[in-house]
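Single chain ahead, by itself, as structure tokens, in the form predicted alone.
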């Protein structure tokens, strides 16, 4: 259309635009600027490239080319002689094929393991729905409540024709997801109120309690809280009263995560200009409307990276419950390779566990970056 208008006006058409040279823009230019700009940078790049290629080829050779994928079944169980012969040369993925159900579900009854498998799918579906901003409405809370009820019914059973399964038999990935999901979902609102209380100027008693809570919890490692919840707390209960060990560990994780998240939220509140609160006061908004409609949304947007970093850290820290005898994903994997037939193949199990943890952590990181870009784009508009 533009060329037709130019021709109609009697002017000569403009020449077609040429692509810029590859040595100015594109991958080649980026590599020359960032990797090969000087002889020192070139030397470091070549050394690192050599180490990466060597390590990558070593892993491919161990994990794929010389790996053992299956073993024959003998009269006394699996014949692992082929895996034994490949130690130091190739991986024995047959160990994962034999023990993956115990790794994922622990001591949960074998015939009922379809129930924790559905629970894992429900958690993943719940995460996907919660990550979609179109579902950020009041109905989302109802979806969470219904899903949690369904998860409880599936895990415990005892109704609807499902056999009852005690919590002592739970294990594997469902335990990790339960501890991480409930821990972070309940620790986040706790952290918001603690951060607000710590910044309070009109309620000094509340401020002192919040400061004491944060400093006390942050001053001790999570392992000590888990030991206190598992060993010391039952000593203070009335005789005959017992609280499940999983619940006690869950409370310890909530309190620990809440203290760390409170400091992240407080950093966002302090980074927000005071003019935002003053403008809300000028409009006559109450304290709670000002906080939850104006202050908090902006403050949380500023601290999305440290918030997600804390989420990722606590998702991995749930593995510490193994020290008090709870069979989370890591503990189930360690126990699985304690089988005499499969001792000596821990590397394969740890690689598999690392992949599972990486998938969940990378998904959180990827989502946070997308959310940050989307909110920043809306702010620039």
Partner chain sequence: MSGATLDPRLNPSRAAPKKGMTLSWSDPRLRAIVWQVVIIGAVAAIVWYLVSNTNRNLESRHIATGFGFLFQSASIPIGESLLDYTPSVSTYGRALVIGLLNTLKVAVVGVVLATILGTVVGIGRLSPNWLLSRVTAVYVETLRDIPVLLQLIFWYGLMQALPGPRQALNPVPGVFLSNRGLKVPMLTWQPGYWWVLLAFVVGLVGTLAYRRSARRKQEETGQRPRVWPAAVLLLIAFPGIVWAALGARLAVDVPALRGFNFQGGVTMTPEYTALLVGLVAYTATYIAEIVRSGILAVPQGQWEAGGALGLHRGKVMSQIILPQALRVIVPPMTSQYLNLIKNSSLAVAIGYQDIVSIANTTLNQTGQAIEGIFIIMLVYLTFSLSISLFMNWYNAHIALVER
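Each form is matched to the other, and the largest set of C-alpha atoms that superpose within 1.5 Å is called the rigid core. Bear in mind that the values here come from a model prediction, so they are computed numbers and not experimental data. Numbering follows the first chain given and starts at 1.
Note that the form predicted together with its partner chain isn't included here; everything after this is about it.
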Of 204, 72, 305, 163, the one that lies within 4.5 Å of its partner chain in the predicted bound form (heavy atoms): 204
Partner-contacting position among 97, 125, 158, 219 - heavy atom within 4.5 Å of its partner chain in the predicted bound form: 219
Partner-facing stretch of 112-120, 261-269, 229-237, 89-97, counted where any non-hydrogen atom is within 4.5 angstroms of its partner chain in the predicted bound form: 229-237
Residues 167, 170 and 372 all lining its partner chain in the predicted bound form, heavy atom within 4.5 Å: no
Touches its partner chain in the predicted bound form: residue 354 (any heavy atom, 4.5 Å): yes
is_contact(residue 61, its partner chain) in the predicted bound form, heavy atom dist at most 4.5 Å: no
Heavy atom of residue 223 within 4.5 Å of its partner chain in the predicted bound form: yes
In the predicted bound form, residue 68 touching its partner chain (heavy atom, 4.5 Å): no
Residues in 34-57 close to its partner chain in the predicted bound form, defined by a heavy atom within 4.5 Å, in order: 34, 35, 41, 44, 45, 48, 49, 52
Core-aligned C-alpha movement of residue 353 between the shown form and the other one reaching 2 Å: no
Core superposition between the shown form and the other one, C-alpha change of residue 34 at least 2 Å: yes
Rigid core superposition, residue 287 Cα moves 2 angstroms or more between the shown form and the other one: yes
